[in-house]
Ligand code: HAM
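In the form predicted on its own, a lone chain appears below as structure tokens.
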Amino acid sequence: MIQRPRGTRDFGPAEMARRRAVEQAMREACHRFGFGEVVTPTFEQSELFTLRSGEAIVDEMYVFKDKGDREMALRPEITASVIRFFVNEMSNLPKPLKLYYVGNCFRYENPQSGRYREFFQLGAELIGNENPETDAEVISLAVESLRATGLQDFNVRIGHIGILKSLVLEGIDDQALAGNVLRMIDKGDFDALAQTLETNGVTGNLMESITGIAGTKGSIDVLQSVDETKANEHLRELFEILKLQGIDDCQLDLGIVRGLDYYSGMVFEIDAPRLGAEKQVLGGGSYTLSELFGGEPVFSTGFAIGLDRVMLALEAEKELPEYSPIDAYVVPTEDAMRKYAFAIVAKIRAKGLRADVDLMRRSMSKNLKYASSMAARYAVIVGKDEMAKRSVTLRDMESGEQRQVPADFAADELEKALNAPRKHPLSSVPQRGIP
């Protein structure tokens, strides 16, 4: 047997129904905020990603030579592709540009819970102007996207990279060393940071100042303990706008840092506590990236949601609805009724309902058992006596109740029954599909 590659997964119909429903809920949130979907290639020139993240990322990428001896890479993320697309074809469009994407990404890393070599993201990029309103719009979309999935237990943490970045650049003249210091802060590796500063002769109170700011967390009021800067003012106005939009439980966290030079301002993360150590489901922030790809400098704010971790968070929080691939299963009672069964199922499908019909030539009892195993809401029984009256029998597979309806109106009656409120204990189960 050929096994699937390590760090990848197969998804069956039930799992895909749940994933698509979660994805669709997020898409609809993006549309409500005026974001339009874009699609970029699954592979790009590897330079696109090394320009963004440095040569070290090559060790984490799937890199290959194409038949023209060009070095390509499966995308490890999608933001770079979107900004490349913007520079290539959209830079003259009116701003702000509000774009979102959904796609799979690839990273060669050690697989673990919530972390895979092929993973899936939904992200958004707002290309426009540097102000608190832009940041608030993106954070609001991120929160609304998660709320739309039904996820309830998550925490929003917001910081501003400018505060720590300014401190580091003031204390360290060497740009390369300053970049390494920011990456260590990003990883929370303060022991290595202290050793690096000592090895490079960086003396004074820099380490103490870094840990003090990185440890500044809580309500927006804790900013009073930090020296006043433009970043502080930006954060206060941002929190005020978010509160007006009904997002009033965000936490300030000045320890959030992105170890990449192009991040320039607000940064934020969203955690789902029930996931334990790998609890982050979303990361984002403001950045300037287009000039790296040959474009004019432009301010952007964006985020990426890990769809895989959102699914794990939803499963940890509540029992997901039962999967039902069909609304109705059409059952011929004998061979002579099969042609009528196909006519009936065609009319049901034409109505926009999900329907299946016996293809295995089972007995009626085995067909009803199969319909039950498929969680079909209704069985449509096509029998000799019923057809003599130009009727069929609708059988509710949960309650066992059944009634005859005219064959010509079977699809209409079935639609009414599916949309009617449930009157038995399973009323909480969605009537059609997975919400």
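Since we're looking at a predicted model, the values are computed, not measured. Rigid core here is just the name for the largest C-alpha set that superposes within 1.5 Å across the two forms. For every residue, the number given is its place in the sequence shown, counted from 1.
If you look for the form predicted together with this ligand, you will not find it shown, but the lines that follow are about it.
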#### Entry: Residue (of Thr333, Thr79, Thr134, Ser324) lying close to this ligand in the predicted complex, criterion heavy atoms within 4.5 Å
Thr79
### Message
Please tell me which of Ile185, Leu164, Leu238, Leu282 lies within 4.5 Å of this ligand in the predicted complex, judged by heavy atoms.
### Response
Leu282
### Per-stretch contact check against this ligand in the predicted complex, the hit in 240-248, 105-113, 152-160, 349-357 (non-hydrogen atom, 4.5 angstroms)
105-113
### Query
Would Asn180 count as touching this ligand in the predicted complex under a 4.5 Å heavy atom rule?
no
### Message
Asn232 versus this ligand, in the predicted complex: is there a non-hydrogen atom within 4.5 Å?
### Response
no
### Contact of Leu99 with this ligand in the predicted complex (heavy atom, 4.5 Å)
no
### Query
Does Gly306 make contact with this ligand in the predicted complex, using a 4.5 Å heavy atom cut-off?
yes
### Query
Within 115-135, which residues have a heavy atom closer than or equal to 4.5 Å from this ligand in the predicted complex?
Arg115, Tyr116, Phe119, Gln121, Ala124, Glu125
### Task
Align both forms on the core first, then report whether Ile57 has a C-alpha shift of 2 Å or more between this form and the one not shown.
yes
